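Taken one at a time, structure 1 and structure 2 that follow are two forms of one protein chain, written as structure tokens.
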Structure 1
Amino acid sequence: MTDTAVKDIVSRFSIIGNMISAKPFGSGHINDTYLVSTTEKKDYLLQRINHFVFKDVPGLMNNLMLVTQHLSEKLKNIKGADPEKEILSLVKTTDNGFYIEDTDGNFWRVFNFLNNTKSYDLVTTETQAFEGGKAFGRFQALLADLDTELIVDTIPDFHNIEYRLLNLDKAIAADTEKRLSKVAPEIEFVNQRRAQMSRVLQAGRAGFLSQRIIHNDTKFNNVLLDQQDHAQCVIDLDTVMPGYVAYDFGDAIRTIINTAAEDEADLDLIKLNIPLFTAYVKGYLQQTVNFLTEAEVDSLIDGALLLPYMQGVRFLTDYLDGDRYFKTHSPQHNLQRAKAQFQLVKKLEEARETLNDIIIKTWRNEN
């Protein structure tokens, strides 16, 4: 985009000062984000919303406003909390809205930039893991009393394992790329675990688990930390939707506990970092102890196994479909990713009792 085009968009928001520059910012793969500097030395984040992924932009933005306003009101009543630092707040448009649509049909929004913060793509220390658990736990706790009926699904069936398995079954039946013969072990792995991986969903349907407002994308770089590595703000709220707490827990553990990359080709390198797991559990349960039910705590270990399984199913589906969703570096990349995620599931299954003991003991200590 030209500077003139960006300036025209920014001018439609109530920022302080005039734009000096706008530079691409962050490592996100969905929305396009720019760091905007102004003459008043106040920075902003300008973001183009990917309306191919998020098809209901008005619903998404209404979610964002409801969630940030709720967080702000709750933080105002907590001693020592600072909503201006702990929430990535929206900047209003010049006509008192919160987003605009340009002449090309693109949707834009602006956030206040939080200075002196940082994020990490990988968790390397127990302190970081603890702060990540604390951040996402606090996020859930602050939203525990927000009515789920007010929040729309920005990506329907995002963590619905039945939906993901249905898509896999369709890809198997179609076999459009003639790759089915290469994935027999992976399909067998998936099929052996279909019933047990539906536990969280079935428990929710039976009324044992409550639907709550959750983040749905709890990778560590969605936590901003201060210069002392203390959690300050949870960001990237576009996937905030009703769901089960086990989903957020499992998605965070999927990335934190793995000693190797998500697409590691050498499966022998995939092991479990138990100390990082323990630290995350401590931070998470410290914040959620006052609202989680015993059934929800019991579901956390199921979430830890479910999310890498589900991600593996998604990679395998995309491989069979011809790599249409995830960006790949080679024709076998999605299959490699699926194998790595399924290997992580195996390791988690082997350590299930140990990991669940850590969860239960930490829960009892917090109580």
Structure 2
Amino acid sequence: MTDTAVKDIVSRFSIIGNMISAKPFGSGHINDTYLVSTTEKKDYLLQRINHFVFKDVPGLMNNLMLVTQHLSEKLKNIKGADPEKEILSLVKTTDNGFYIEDTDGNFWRVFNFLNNTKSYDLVTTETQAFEGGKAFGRFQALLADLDTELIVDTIPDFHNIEYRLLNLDKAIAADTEKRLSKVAPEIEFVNQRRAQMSRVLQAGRAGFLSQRIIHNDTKFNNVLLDQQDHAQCVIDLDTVMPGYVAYDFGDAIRTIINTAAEDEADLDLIKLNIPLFTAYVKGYLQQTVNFLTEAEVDSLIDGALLLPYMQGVRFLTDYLDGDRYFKTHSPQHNLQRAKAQFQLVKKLEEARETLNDIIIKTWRNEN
């Protein structure tokens, strides 16, 4: 994007001051994000919504409004809460909307930039993990009474593992990029675990777990912490949809418990940091103990194994499909990511009992 093109887009939003610069920002895999600085020392976050991924942009933006308004109503009744800092807020367009469509059919929106915040790709301290648990737990708690009927599915079957495996099978059958010969061990790994990884889905179908409004993308860099590493704001609300709490738990653990990056090439570096897991569980259960059922608490460990498995399946599928979904930085990136996620699954399988004991003991203490 040229500076002039970005300026044109930004000029359609009611920002204070004039744009000085727009720089690519963050490490998200989906949207294009820019930090916009202005003559008034007020920053904004400009985002191009990836409409290959999100087919229903009006529905997505409506969800975003409903969720942020609901959070805002809730925070009004909480002493000391500051909605401006703790909730994402959109900047209106000059014609009073919340997003624009440009001449190429791209959709853009602008958020108020939350200054003095940090988002971590890798968690290193127990404070960070505990605060992350609090933030995502509180998020679920505050949205527990938002009518699920009002929220549209921005990506249908997003965390439906059967659907994800079906997509992998289609990619294997098509092998459009002729990459299949490179992934035999990964496919075997996936096949060995198909049945056991559908436990959360089966429990839901059998009526043991209810669908709640969940975040659906709880990787750690989707929570902003303040300068003291206290949780400030949960961001990236595009996938907020009904789902099982085990999904949010598992996706957060996927990024917190791993001592290495999501795409670590040296698999020996992928180990579990159990104190960070314990800290996250404490923060999460502290906020959710009032509404979680025993069956939901029991499902959390399945979520912790399922989400890295599902993420590996998604990366592997995208690799076979020719890297059309996730942003990649090299031709083998998605494969490397899939390998790293499967290595994490192996480590989690070995520690399953220990981790589940931590969840159950913490839950009993909180009760």
Ligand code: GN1
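For numbering, take structure 1's sequence and count from 1. Quantities reported herein were computed from a predicted structural model and do not represent experimental measurements. For clarity, a rigid core is taken as the largest C-alpha set superposing within 1.5 Å between two forms.
**Q** Compare the two displayed forms of this chain and pick out the form predicted on its own.
**A** Looking at both copies of the chain, structure 1 is the one that matches the description.
**Q** Superposing on the rigid core, do we see a C-alpha displacement of 2 Å or more at Pro185 between the two structures?
**A** Result for Pro185: yes, a 2 Å-plus shift.
**Q** Cα of His230 displaced 2 Å or more between the two structures, core superposed?
**A** It does not reach a 2 Å shift.
**Q** Checking Leu306 here: with the core superposed, does its CA move 2 Å or more between the two structures?
**A** Where the cores coincide, Leu306 shows only a C-alpha shift between the two structures that is less than 2 Å.
**Q** After aligning on the rigid core, report the distance the C-alpha of Pro331 travels between the two structures, in angstrom.
**A** Taking the core as reference, the C-alpha of Pro331 is shifted 4.4 Å.
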